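First, one chain by itself in structure tokens, the form predicted alone.
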Amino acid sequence: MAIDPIRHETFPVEALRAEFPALQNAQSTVFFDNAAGAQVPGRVLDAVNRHLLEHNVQRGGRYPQSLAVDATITRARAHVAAFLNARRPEEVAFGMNATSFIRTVSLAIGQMLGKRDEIIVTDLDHEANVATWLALQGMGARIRWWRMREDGRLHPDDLRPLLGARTRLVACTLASNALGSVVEVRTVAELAHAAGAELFVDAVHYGPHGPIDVQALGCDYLVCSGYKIFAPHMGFLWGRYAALAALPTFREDFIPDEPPGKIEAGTFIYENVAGMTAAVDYLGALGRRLAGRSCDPEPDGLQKDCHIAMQGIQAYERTLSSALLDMLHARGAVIYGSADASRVNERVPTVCFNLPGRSPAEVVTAAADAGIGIRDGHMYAPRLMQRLGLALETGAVRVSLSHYNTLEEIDRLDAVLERLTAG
């Protein structure tokens, strides 16, 4: 279900900000480092506290508190499956973080190479979705590089000649955590599958910025981090059920060799999974609000509600992206990747830049002194920094916005950059 385009005048940003305690407790602070982790709604805090207070026990028992943990996990799987439009909840596995899941899958793929021994990686990705695959060279994998173009984007046409009878898997991001560039994953999936290969998608950075529909994307595996999507620190992996079932993974003997248990080695943090459920509930409520419906969810309507919410967030954030890019142009910043404010549909509101004559550390420190949290450095993407000609020790400045940020906050950053450029 599509909704009308959301403009900054109609998106309920102030009402939504009121749902985030951190934004109320630190009213003078501007959180522009959301790529490193987002703030959480009050209902998420409540869910975590409720779990710890009422059933902070191990699952698998016969007493009420333990049965409640089982129910919490079952509900969380169903919620995340709805958020992703997965075919079944068993395709969702919970764990510590996205990196550990990428490593779990990469180790399994390394044991299944055979004649298909080529892994394609990119120089746009977070290092977690590069180094984990490079490590398979010790298991006989051959690495091929899908290179970013000068526009800061991965182009499917450049992938075509890399694919062949030896391709086992393509690993790429859905959106760059440094440049904000969005990748045409659906096209990538079609190309990979036509060559008989699989596609692994890192959706960690894209997760809070737009709809994720794993069936529409056509990928085989996808990872996210809950703490980027308004939940506590945790990660989750989605995979096609048949693909997950085929993976040789570590598990204790008493764990059945089937998803999702075979993917979830050890105990994960149940209270944080409860918080992830509440984060999806927050998005569902936002979707119903944007659609003009009551706050009561329809039966089996959570997937639709989340999709509407993410459409609305995406549309509003494009207004923020455009304003941020215009401001940086006005301050003479060197913007890395796409700097065209008219093409914000190709990005999320994450921008890396530098100010001529000012080090990244200077810019970030000046912003911090003004109560604005931004970041400098290599953004865990050292190969990308190398492509951009930037030293790892200094890197760039990154501003990463979320749907609870405002145009007025961008104006506050503009005032800081104005002082720096004038000085």
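Heads up: residue numbers just count along the shown sequence, starting at 1. Quick caveat, the model's predicted, so the values are computed rather than measured.
Form predicted together with a small molecule: not shown, discussed below.
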The stretch from 142 to 150, 94 to 102, 161 to 169, 248 to 256 that lies within 4.5 Å of the small molecule in the predicted bound form, judged by heavy atoms, is 94 to 102
Partner-free chain; cross-checking the small molecule in the predicted bound form, the single residue of 128, 199, 320, 191 with a heavy atom within 4.5 Å is 128
The one option of 272, 122, 225, 181 with any heavy atom within 4.5 Å of the small molecule in the predicted bound form is 225
Would you please decide whether residue 35 lies within 4.5 angstroms of the small molecule in the predicted bound form, comparing each non-hydrogen atom pair? yes
Contact label in the predicted bound form: residue 352 to the small molecule, heavy atom within 4.5 Å:
no
* Is residue 185 a contact residue for the small molecule in the predicted bound form, using a 4.5 Å heavy atom cut-off? -> no
Quiz item: How about residue 80: is it within 4.5 Å of the small molecule in the predicted bound form, going by heavy atoms?
Solution: no
